[in-house]
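Take a look at this single chain, the form predicted alone, given in structure tokens.
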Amino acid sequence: MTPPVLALRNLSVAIQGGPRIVEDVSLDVAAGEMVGLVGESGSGKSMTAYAALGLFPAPRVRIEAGAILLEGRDLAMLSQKEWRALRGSRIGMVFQDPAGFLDPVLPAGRQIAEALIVHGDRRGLAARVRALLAQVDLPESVALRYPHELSGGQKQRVLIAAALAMRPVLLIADEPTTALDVSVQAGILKLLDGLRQELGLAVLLISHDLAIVAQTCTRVFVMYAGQIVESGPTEAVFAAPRHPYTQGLLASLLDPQVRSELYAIPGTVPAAGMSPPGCRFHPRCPRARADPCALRPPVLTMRADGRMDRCWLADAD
């Protein structure tokens, strides 16, 4: 069996001297595969992605335990210099707000070339920028245009071209369509899927939009309050979800044939360090029991069909 390109093994991320933000997370992405990581805002999705990039939003946030394996190499203990050598070369990143990650005073072509320049590969820059623009379905003229002259979809394509400049093996896409019009989202998703197939990329797609994940990902990991609560083939998980949280997320998708009103899971995701005892979801769960749900934390359990869930009642009628 081919080893995964990215493998997180029992990864925990914590605020130094404070609570864990991500706890005991394991997932993997193979070459040529797009895997979804889903959950509400505050569930720990983006923090998991930042850990895989060696990037954190605050200096006191750090990897506390576990391994981050890229092509079998553990990255968890790399120095910042070593991380910088990997980011942009072996790992590419696409963020949710392209306008916030493009320099307003530099033309798009110069920004696409930045990764090549930073990593000391200046050969034929102009030709390679043109090839990268073509790869993301943008005309050569975009190279000379500034971010304010581009549409939201074009800005995102420029970011994708920049992420691909050094031919990475892994692409992490954090809510890549959130800031875009619905009419533009489909084009970006089609582009990412095409690049996955063409380049054999491993793609980790982070999203709160289950419909997008259903369209594009072969497998899905559902995250709640810093933990993976369910995982498996996307089609199987969405057809018959076992964890009440996954069931609630799917119920919140408005289907006129099923319901006329939008469903919302009651309550909110607990802040880091504020999770209740027992199952972290039990205060919001319509099926929760005082014992065991409120008393003992469930473990992530492998079922006979290879799917996993973290629920005491997954096998209950």
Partner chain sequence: MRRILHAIPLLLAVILLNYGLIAATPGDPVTALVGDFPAPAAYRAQVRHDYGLDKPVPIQALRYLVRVLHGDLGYSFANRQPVVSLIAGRLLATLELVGTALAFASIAGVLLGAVSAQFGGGIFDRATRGALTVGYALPEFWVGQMLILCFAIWLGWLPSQGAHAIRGAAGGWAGIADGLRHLLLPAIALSLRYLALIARVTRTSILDVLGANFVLAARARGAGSIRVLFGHALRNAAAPVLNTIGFNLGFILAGSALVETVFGWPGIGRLLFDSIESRDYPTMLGILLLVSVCVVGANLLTDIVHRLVDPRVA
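Numbering follows the first chain given and starts at 1. Not measured: the values here are computed from a predicted model. Between two forms, the rigid core is defined as the largest C-alpha subset superposing within 1.5 Å.
The protein also exists as the form predicted together with the partner chain; that form is not presented, and the subsequent description refers to it.
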Among Arg128, Leu133 and Glu198, does every residue place a heavy atom within 4.5 Å of the partner chain in the predicted bound form?
-> no
Taking 4.5 angstroms as the cut-off for heavy atoms, does Ala211 touch the partner chain in the predicted bound form?
-> no
Would Leu53 count as touching the partner chain in the predicted bound form under a 4.5 Å heavy atom rule?
-> yes
Proximity of Val182 to the partner chain in the predicted bound form, heavy atoms at 4.5 Å | no
Consider Leu159 of the chain shown here, and say whether it contacts the partner chain in the predicted bound form, taking contact as heavy atoms within 4.5 Å.
-> yes
Picking from Val237, Val229, Ile91, Ala202, the single residue whose non-hydrogen atoms come within 4.5 angstroms of the partner chain in the predicted bound form is Ile91
Consider the chain as shown here, without its partner, and state which of Ala115, Val169, Leu189, Leu150 has a heavy atom within 4.5 Å of the partner chain in the predicted bound form.
-> Ala115
What stretch, of 36 to 44, 267 to 275, 55 to 63, 288 to 296, brings heavy atoms to within 4.5 Å of the partner chain in the predicted bound form?
-> 55 to 63
Mind listing which residues of 96 to 116 have a heavy atom within 4.5 Å of the partner chain in the predicted bound form?
-> Gly100, Phe101, Leu102, Asp103, Pro104, Val105, Leu106, Gln111, Glu114, Ala115
Pro59: with the rigid core matched between this form and the one not shown, does its Cα shift 2 Å or more?
-> yes
